[in-house]
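Structure 1 and structure 2 below are the same protein chain in two forms, each given by itself as structure tokens.
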Structure 1
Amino acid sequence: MLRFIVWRFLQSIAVLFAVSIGIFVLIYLSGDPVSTMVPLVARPADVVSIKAYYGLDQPLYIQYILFVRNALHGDLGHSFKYRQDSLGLVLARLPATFILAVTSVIIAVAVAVPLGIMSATRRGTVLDDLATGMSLLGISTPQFWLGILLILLFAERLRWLPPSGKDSPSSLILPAVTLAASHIGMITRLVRRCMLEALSQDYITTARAKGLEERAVNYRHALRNALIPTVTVIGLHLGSLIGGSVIVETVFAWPGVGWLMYQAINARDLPLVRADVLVMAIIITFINFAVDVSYCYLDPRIRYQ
């Protein structure tokens, strides 16, 4: 068990190392950042001194070592736009993204798991068709479009909820539902499939044969086994929630890391983009690590591998 956790932790470190190289290569490929910073009329000497200031006159491997050393010291460079430490800017926006992501996971699980169970235990009925159809619609709807439609309906027409921002607790509802929607579709389909598979196993026939109530068969025997793959996928979804936050936060002007990323990209503020990408990558890596460790608790077979 401990060996598994340590091994998985080392793997995560390796992933982050790969991420750092990836980001560095992207920065290099993105061209000369100084040319976008200085006005066209800048004197060549000024360009040279700005380059020296940012360490851009050094050979590549030194630039990479500098980048990693600075990153480990929490220095990801100054944002061009805000003239502030970019890591600080990103970290300040982190709680908002976290609240949004957690709320939408709760919504998604609370809706999708019962829906999937119902769909599987009443296979072939109208309810099943309805749930399957709705989940297909859910994964086919672009998140940002759903967000726009919800704003149009609940904020513009009905005026029940605020269209954007983060001024009151009710501002959380629309973005969280939007972010949850496509995941509801995917998780419902998954729970349904896993439940159907579990229900076709021999131990279910045994449980029924010994006269157990249908409820007990469904919940105590089938559901428990169907939940293992479900938890893994929900864990993976947490990662894509963070990725999807760029879109949903932008639609709702939700002040999290995703919206900051959008603003940074549009302002060509590369140090800020870099810090934002790195922080998101670290979070996603950490989530994956946590999911794998929790998986180990849920499914004892993993511990002995």
Structure 2
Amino acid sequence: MLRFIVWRFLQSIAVLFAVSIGIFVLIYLSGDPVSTMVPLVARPADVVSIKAYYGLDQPLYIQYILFVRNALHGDLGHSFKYRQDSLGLVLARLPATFILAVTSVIIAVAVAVPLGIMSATRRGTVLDDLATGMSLLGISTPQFWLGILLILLFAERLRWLPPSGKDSPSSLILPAVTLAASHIGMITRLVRRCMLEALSQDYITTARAKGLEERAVNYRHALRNALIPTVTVIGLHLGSLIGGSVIVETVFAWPGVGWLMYQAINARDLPLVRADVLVMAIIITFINFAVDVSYCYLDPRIRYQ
């Protein structure tokens, strides 16, 4: 067990190292960041001076070494746009994104798990077809289109909910539902498949032969084993929700990390983009690590040497 944890921890460090290289190199594909910081009539000497001030005149590998050294001390640079510490800006927006992601996961689990169980235990019925159709619809619907549709319906026409911002608890409903929609479909299909696989096992036949009630067979035996891959996917979805909420936060002007990244990319704010991506990568990697470690506690049959 300890050996497995150490190995997964070392893999997580390697992933973060690869992410740091990726975000450092790929950000330059968008062009020269200094061009957005100076007016069109700026003198070449001013451009050179700004590059020297931010260390952008150094070779790329030197910049990366300095970036890693400073990052290990908690310094991810100062934002070009906001003139503030980049890490501080990201951490200040992180609670809003975390609240949105957790709320979306709660909604997705609360809807998808019962739908998946109902679909599996009533296979071939109208309820099964309805649950399968709803899950397919949720997976296929683009988030930006669904978000705009919900704004037009519930904010513009019915005026039940605010269209954007984070002014009240009701502002959380529309972006959370939008973010949860596709994950509801994925989790529903996964729970259904895992439940059907569990219900076909010999231990389920034995439990029924012993005279156990169908409810006990479905929930106490089949569901417990079906939840092992489901918990894995839910953990991965939580990480993807935190790291992939850029579109939803932009549509609803939700002041989280995703919206901050959108603004940073538009401004070619290198330190802020790097800090944003790196913080989210750390969170996603930690969630994946925690999910892997939880396997042996969810299923006693699993043992790591």
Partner chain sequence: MKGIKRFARNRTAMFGLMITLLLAFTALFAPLVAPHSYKEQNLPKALTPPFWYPDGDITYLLGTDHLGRDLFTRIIYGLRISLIVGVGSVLVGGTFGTVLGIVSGFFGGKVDGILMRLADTQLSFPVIFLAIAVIAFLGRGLLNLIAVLGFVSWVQYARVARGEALVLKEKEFVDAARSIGATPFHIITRHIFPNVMPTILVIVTVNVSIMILAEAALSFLGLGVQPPMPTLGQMLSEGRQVFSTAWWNAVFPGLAIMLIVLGINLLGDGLAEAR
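Rigid core here is just the name for the largest C-alpha set that superposes within 1.5 Å across the two forms. Counting starts at 1 and follows the sequence of structure 1. Everything numeric here is computed off the predicted structure, so don't read it as measured data.
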Check against labels, form predicted in complex with its partner chain ends up as structure 1
_Once each C-alpha is given to the rigid part whose superposition fits it better, for the motion between structure 1 and structure 2, do T103 and S140 end up together?_
yes
The angle, in °, through which the smaller rigid part turns with respect to the larger between structure 1 and structure 2 is 9
Here the CA of L60, compared between structure 1 and structure 2 on the core, is shifted in angstrom by 4.4
